[in-house]
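A single chain comes next, written as structure tokens; it is the form predicted on its own.
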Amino acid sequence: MNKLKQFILMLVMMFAVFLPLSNLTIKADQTDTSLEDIKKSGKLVVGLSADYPPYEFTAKVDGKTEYVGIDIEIAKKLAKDLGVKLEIKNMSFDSLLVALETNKVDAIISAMNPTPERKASVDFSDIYYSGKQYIVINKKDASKYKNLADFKGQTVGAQNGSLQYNLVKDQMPGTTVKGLSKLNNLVLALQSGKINGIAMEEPTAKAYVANNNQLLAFDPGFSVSSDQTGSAIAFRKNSPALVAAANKTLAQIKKQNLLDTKYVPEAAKYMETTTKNNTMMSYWTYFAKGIEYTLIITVTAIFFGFILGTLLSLMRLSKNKLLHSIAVCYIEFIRGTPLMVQVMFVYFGVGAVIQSLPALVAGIIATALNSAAYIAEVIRSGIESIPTGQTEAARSLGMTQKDTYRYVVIPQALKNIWPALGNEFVTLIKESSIVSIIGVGDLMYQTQLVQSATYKGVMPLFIAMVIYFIMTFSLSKLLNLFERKLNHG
């Protein structure tokens, strides 16, 4: 019966969390204020996945990391025409539509194809750039693969949520499609023999091949309808005013032939410069920034996670049934769901209600809430490991329950749980890498930027592994020092 009550209470709490999100559908029937809202805010927030040269990628400009490419130039012109500032949010391609629908971005300018399925949920501008669909293979396999039929029984990769993923799935029977969120990871999988080819749009395929002499790109003969090909800007559904403003900007770009005379040549120039200066040492600032964000997330999450975890452990040990049930429901629910889902829910779900919630804050909140559940169980086990005689002796001496916990139970419990608690802190450094999925510039996020900027897959990952090891090893030694002091005491 008690378990049934706990389950019902957990459902009520979950409903209370999800209820505010129902407000997101209210705006569907309201008057279009998309353009007015952007001008009122003074900024245009554009979502993209900066691993797709020549459309969008990163480069070092005057010693600083900048987003460059065709889509970046289009975004800059659109923001200028609207009279607002441009803000870029870089995240995984398969997270962009969710970010748009939950108001985290105002537009998606990321070489997105206006497929009928996407048109059902978002509005698209006119097509601004078109290209054929290519497949990239290892140059050593040039004689093996000539057309789509040659890949039967093989594995072909494509970016999750992309047109290319659907093309491989629909037009290459007998072929296994492997989807990943980042193109640089697909290239790494190709060169390590995990997949046999990668479906990409023509300009991007040629960009990777031009900067990697081990790759080869060719047109395998994909059949693409006119309503699928090309890249367009995506906006939230029922935003005709904003779509019209974007189409006006795109018409000016087409009239002035800016794509061919300015945007594409500039992208090629950045790619050539990047290739000449793609040594790992030249990207040390990327890794340094990643370390900074990783430590900020870890330290802050540990601090708040420890406080909340301590509170939850005391609630679970409490004789008050309500407090006990709340703690049990929270701990079981958090431990029973993946951290990645929690991070995305806090950012896209809760963040849809609290529009000003930054990605960094959302990442810290999610990791702190997740860590608190595990810390709570560690602390609870430590408290329960203390013999009841210790508590009884303290109470017989006239100590209150609060003083008994503070001066007798907690100090002994802390000594017992320190190794397990330290292990949770070390684990948190590594788990913080998940926040990169929502565009937080932690170490993993910066590593992916270096991969896309240098066209190298293995070396940036190796450097990231070494850095993570140094941080976790240093923390382990520091925790061991405190453990020896506790044991000595």
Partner chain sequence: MDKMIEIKNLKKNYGKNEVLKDITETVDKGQVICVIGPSGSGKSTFLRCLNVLEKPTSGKIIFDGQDLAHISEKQLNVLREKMGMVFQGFNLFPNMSVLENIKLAPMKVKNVDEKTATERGKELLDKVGLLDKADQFPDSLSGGQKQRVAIARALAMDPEVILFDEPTSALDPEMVGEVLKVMQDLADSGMTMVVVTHEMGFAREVADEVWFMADGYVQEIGSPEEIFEHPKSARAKDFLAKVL
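Numbering follows the first chain given and starts at 1. Bear in mind the structure is a predicted one, so any value in this text is a computation, not a measurement.
The discussion below concerns the form predicted together with its partner chain, not included here.
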Point to revise | Partner-proximal stretch of 296 to 304, 161 to 169, 136 to 144, 409 to 417 relative to its partner chain in the predicted bound form, 4.5 angstroms, heavy atom | key: 409 to 417
Review point. Though its partner chain is not shown, can you say which of P265, P116, G83, G398 has a heavy atom within 4.5 Å of it in the predicted bound form?
Key: G398
Review point. Looking at E392, E384, D219, D260, which has any heavy atom no more than 4.5 Å from its partner chain in the predicted bound form?
Key: E392
Check your understanding: Is there a heavy atom of D403 lying 4.5 Å or less from a heavy atom of its partner chain in the predicted bound form?
Key -> yes
